[in-house]
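Below you'll find only one chain, the form predicted on its own, shown as structure tokens.
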Amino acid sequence: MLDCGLDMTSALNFLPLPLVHSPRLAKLPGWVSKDGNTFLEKELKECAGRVFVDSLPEFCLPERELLDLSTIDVILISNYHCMMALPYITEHTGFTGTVYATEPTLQIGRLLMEELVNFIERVPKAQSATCWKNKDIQRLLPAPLKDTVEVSTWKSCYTMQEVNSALSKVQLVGYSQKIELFGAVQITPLSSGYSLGSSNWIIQSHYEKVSYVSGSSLLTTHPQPMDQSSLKNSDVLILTGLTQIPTANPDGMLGEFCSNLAMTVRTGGNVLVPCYSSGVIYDLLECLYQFIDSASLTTIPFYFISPVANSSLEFSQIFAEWLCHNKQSKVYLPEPPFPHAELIQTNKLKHYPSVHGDFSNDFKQPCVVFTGHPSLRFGDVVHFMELWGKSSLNTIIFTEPDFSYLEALAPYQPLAMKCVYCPIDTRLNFIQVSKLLKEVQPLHVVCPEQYVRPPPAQSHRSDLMLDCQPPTMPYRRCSVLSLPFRRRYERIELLPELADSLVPSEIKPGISVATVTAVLHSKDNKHVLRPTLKLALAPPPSKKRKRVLEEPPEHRAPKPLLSGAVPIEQFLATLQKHGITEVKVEDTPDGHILHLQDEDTLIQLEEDSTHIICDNNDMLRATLRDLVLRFLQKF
């Protein structure tokens, strides 16, 4: 199984979970159907013309109906965003296999899961909404609820116990480490350049190679650069995880982010940045570190609020070997690889587990707050939306591309605060991926069908699609593809004692051949040729126990193999020396037919066989056979 990401966009259909009682959300009217039916008014609430589910948010899981997930032996994880559904799979499907991931992926993935569980569990709901999921009822609901797919499979969040159990099944791997799977294939993680520990994967046998490219970046950010050369000579390259916003330049977005932030705080407003607790936030803080002095923002406090804020900032500093060379070299100076360490030391950046406790005492305005969750449905961000949403001095800046910012803001309307959309997605765009494919030249490319056509809203933009040679093999949800290659060869090991017994014969310059008589031993998809066992002589039968002993099978030496071609002119001369003079030669597409007229005999000389046809003259046939053998090599 390649990755197990969690689709959290389903949470956008739910009301936010406020940390403190929100009179505004509490007063929202229940939804009443067109015919005046009020049976769903406790489950569904109306806000600014939209209908939301009043319950703990639920998430859309990976497809579980297409195959039995208990039969999966291995899950390969690309990056920490692609493992958020892991507890659902390992704890509820009978999965008994192994999960492979790098150490930063495991540790930061743990932080993101822990943060998610914390966000959900600290705001318990007395009821869970289930009636609206009934297909007959869902059809009657307004959009977008009536258009949501597979709502019956949505699940509420897992627990920390399930998280710990799931992550105990993860086996850590390093870049370029080769791992044997059941003797059948070898897997190797490669740096993908997207996030700390993010990986592309090579799955190969001795003669076939499949590359899985997901969430990769060619930009110079904090992770190790992408390993492109190892992707070459792939039979199949599976491509996914391209940028969600191909028209937005990450550098331009960072510049816009800084300028909008500065503009807001200079006018006395606050800036809210909904973000994940790891990833882009490291780059945002580094950008601000360089920007603060030039923009005269040294007195403005920066707050990072997350249950895992401290761990996230510390992890980024200790995973030195997973960073780009520039940041690695700082570790040996010694300097912290990320400048946010200096921001913390100088009290310009402060981090807190939540808005309760120390934060309440230290809180000063105007300020900049980095907090989660980017969906605006749970986490401390909900508190700040309620607190700052009524003032036009304040600004919310969206940097994460996973959620539609208009959808995220919907339950907070009407909203006075300014909204700025600066999505920063460093993953490959279509121009970069086309260049990559030209360099690595896979025989076949498999990708989602969305990549082979322009976005629906920009159907004229042919540059926003994948166009490569050979043509891609697109797939859609629940489709089954047959990869266009078959295993044709297996590698077989020759034991030294068997190899020592071989006698090679040179059949042409530089090419020698030897016959092998051996026993093929196959176990765990590994094949070994061993010498045939020489049977020991049976002991003489004792007088006490008489029984019929079977004779051991006789080992006969194999017949020699023949190679070479019979030169026609020299063969005719040899026949003449042996008194055969009347020979008629006829050319055929495969060789020659020699008609020995006096002897009434045919000799068919073909590329891979020779036939001697004569009636009732075994002596002549034996003589002709020996003459043919003179021109062939035996081995």
Partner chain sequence: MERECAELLPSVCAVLADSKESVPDDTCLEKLLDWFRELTGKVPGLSLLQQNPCLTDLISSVQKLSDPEPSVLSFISRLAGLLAASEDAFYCLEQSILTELFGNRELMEMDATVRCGWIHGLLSMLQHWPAMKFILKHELIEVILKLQRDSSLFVASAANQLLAHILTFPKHQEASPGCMYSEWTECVKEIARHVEDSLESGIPQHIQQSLKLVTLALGNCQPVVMEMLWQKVGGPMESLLEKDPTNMAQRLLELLLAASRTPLFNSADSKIVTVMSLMLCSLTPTLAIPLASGILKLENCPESLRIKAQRVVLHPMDCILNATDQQPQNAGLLDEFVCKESIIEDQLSRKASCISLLCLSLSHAGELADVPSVSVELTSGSLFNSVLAVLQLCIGVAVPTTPAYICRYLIGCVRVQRFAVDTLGSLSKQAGSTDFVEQVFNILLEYLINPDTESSVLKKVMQAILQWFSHHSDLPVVWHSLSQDLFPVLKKRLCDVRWEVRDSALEFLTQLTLNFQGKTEFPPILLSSGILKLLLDLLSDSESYVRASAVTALGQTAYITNNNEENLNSESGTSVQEDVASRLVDILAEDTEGFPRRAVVKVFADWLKQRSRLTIQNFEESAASVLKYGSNDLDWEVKIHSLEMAEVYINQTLSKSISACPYAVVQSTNSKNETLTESLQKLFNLKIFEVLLAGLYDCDRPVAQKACTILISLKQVVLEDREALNLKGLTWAPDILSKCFSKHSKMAVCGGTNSSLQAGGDLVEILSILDLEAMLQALERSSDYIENSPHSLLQDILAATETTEDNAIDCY
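Residue numbers count along the first chain shown, from 1. Please read all numbers here as calculations on a predicted model, not as lab measurements.
One more form of this protein exists, namely the form predicted in complex with the partner chain; it is left out here, but the text below deals with it.
Colleague: Does N260 reach the partner chain in the predicted bound form if we count a contact as any heavy atom within 4.5 Å?
Modeller: Residue-level check for N260: yes, a contact with the partner chain.
Colleague: Does any heavy atom of S296 come within 4.5 Å of a heavy atom of the partner chain in the predicted bound form?
Modeller: S296: contacts the partner chain in the predicted bound form.
Colleague: Is E321 close enough to the partner chain in the predicted bound form to count, meaning some heavy atom within 4.5 Å?
Modeller: Output for E321 is no: heavy atoms all beyond 4.5 Å of the partner chain.
Colleague: Does P455 reach the partner chain in the predicted bound form if we count a contact as any heavy atom within 4.5 Å?
Modeller: The answer is no: P455 has no heavy atom within 4.5 Å of the partner chain.
Colleague: In terms of non-hydrogen atoms within 4.5 angstroms, which of the given stretches 486-494, 197-205, 261-269, 218-226 touches the partner chain in the predicted bound form?
Modeller: Single hit among the candidates: 261-269.
Colleague: Considering Q365, S156, S522, T247, which brings a non-hydrogen atom within 4.5 Å of the partner chain in the predicted bound form?
Modeller: None of the others qualify; the residue that does is T247.
Colleague: Though the partner chain is not shown, can you say which of E121, D467, E439, E342 has a heavy atom within 4.5 Å of it in the predicted bound form?
Modeller: It is D467.
Colleague: So which bits of 457-472 sit within 4.5 Å of the partner chain in the predicted bound form, heavy atoms only?
Modeller: Stretch hits, in order: H460, R461, S462, D463, D467.
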